[in-house]
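Below sits a lone chain in structure tokens, taken as the form predicted alone.
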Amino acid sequence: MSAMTTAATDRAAVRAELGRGTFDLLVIGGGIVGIAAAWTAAQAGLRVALVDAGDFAGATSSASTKLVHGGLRYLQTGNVRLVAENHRERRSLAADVAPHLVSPRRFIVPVYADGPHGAAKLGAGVFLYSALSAFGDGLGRVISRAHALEQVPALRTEGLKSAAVYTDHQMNDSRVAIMTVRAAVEAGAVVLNHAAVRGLRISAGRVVGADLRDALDGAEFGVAARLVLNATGPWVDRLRAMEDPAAAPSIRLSKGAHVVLRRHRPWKSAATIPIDKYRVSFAIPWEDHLLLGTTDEAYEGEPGDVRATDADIAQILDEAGTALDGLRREDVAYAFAGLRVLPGGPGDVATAKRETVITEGPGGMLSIAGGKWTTYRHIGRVVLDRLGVGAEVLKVVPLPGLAAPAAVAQRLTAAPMAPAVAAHLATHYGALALDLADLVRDDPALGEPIHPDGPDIWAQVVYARDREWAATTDDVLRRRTTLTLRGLDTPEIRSRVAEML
């Protein structure tokens, strides 16, 4: 049977399962909030369905700053409780849930003579920040100018006085999302991407499911459910209007753009660059590149059309350039943008609260808006509370592939596999990277690099297609591998990937 026939058959089987009986919970929206809710509910023993009009983590959830962090800047607004909660989840993700996918990253905050914050204030801030994490990542402190330059050699030296240092964690958001979908499926959830809602099913005034259309082959099907959760992110009000045409807007959107820059020399730490009293710009070593950003501006356009514009790129380079030398437009490998979902209300989006809002419509549909990557498991528990299920009894469950990346990489190198490829697979798949090694063993051609300048191999395309719900070239190149983010998805590569799909 051909790969295309297999994929079509698999989707048909999933659609048939989605149409069978009544689910306890139908989650509409496969961003990290919806994925977390589905995973948590499935762990609690509920029959759960998860659908998304596009790909899993296809919008906002794969356009983040790739951080699992406490939120140092939230201390500026006095939100100590939020920072403490974020730290608890950050350390749980890094230690118990996904240590194979989430890694520690030291940050420095340079102090300039003309900067918005002085050394004393920043020193007190990073000390409190580390204290709220029970000093689990060391002591936040102020370091010398020379030490700061040793950590980040690209720092602008003029006016540099010292730097504050603290520790957070980072990840590849797309990979963590896909692993969480896999965890939800292993717990019993039924999932389908590229399936758009055509309308809600309403009986006796209650929302009891949804009618959908498969975007890949046009097949129409329906899902019946006791409870429907609207987790569609920037589209949350659009689905609310299907339930209640008179529903008032509940959210506003903030656009955050990022730039992926080719890096010419190694950095030991990331940089958090204060722009003004509230905003910061990040420069983070990530996927052998530098990730720069982000912007924070009101957005009122069509959510699906959000893009990083030339003006966004210029702003990001300019803001990072207040503390870094040598940033060049020609080194930009890729730029992307996503939308933060913020509670509706007046004021500047940059100072709006980053909080999760759950509302219930007249037909009983729950709508959840906002939230942070760091606290995504907590959001899943909140949804269960609304379902009347005792989420507090749930154990901490690791994501699939739990293993020490160094040990996995060592086994892959012995396979044999190039060290750079082995390290890449180990930190993106954990122990599941050994499944990729099996594919290469059966077909050595799958061990070849997709592009000579990157560590991704062809086995990842096959694995994405057969085990990770990838159905389009963007699913593979943008979210299952790092080709697009590295600026390496050439027309020839896209064509070959399309053939394999």
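Quantities reported herein were computed from a predicted structural model and do not represent experimental measurements. Each residue number is its position in the shown sequence, starting from 1.
Only in words, not in the display: the form predicted together with a small molecule, which the text now covers.
Highlighted residues 28, 33 and 63: every one comes within 4.5 Å of the small molecule in the predicted bound form, counting any heavy atom.
Considering the small molecule in the predicted bound form, the lone stretch of 153-161, 232-240, 119-127, 312-320 in range is 232-240 [heavy atom distance within 4.5 Å]. Though the partner is left out of this view, residue 367 does not reach within 4.5 Å of the small molecule in the predicted bound form, counting heavy atoms only.
Residue contact check for residue 440: none of its heavy atoms lie within 4.5 Å of the small molecule in the predicted bound form. Among residues of the shown chain, residue 195 is one whose heavy atoms approach the small molecule to within 4.5 Å in the predicted bound form. In the predicted bound form, at least one heavy atom of residue 51 sits within 4.5 Å of a heavy atom of the small molecule.
Contact with the small molecule in the predicted bound form, defined as a heavy atom within 4.5 Å, holds for exactly one of 44, 464, 446, 59, namely 59. The single contact residue among 272, 294, 180, 174, judged by any heavy atom lying within 4.5 Å of the small molecule in the predicted bound form, is 294.
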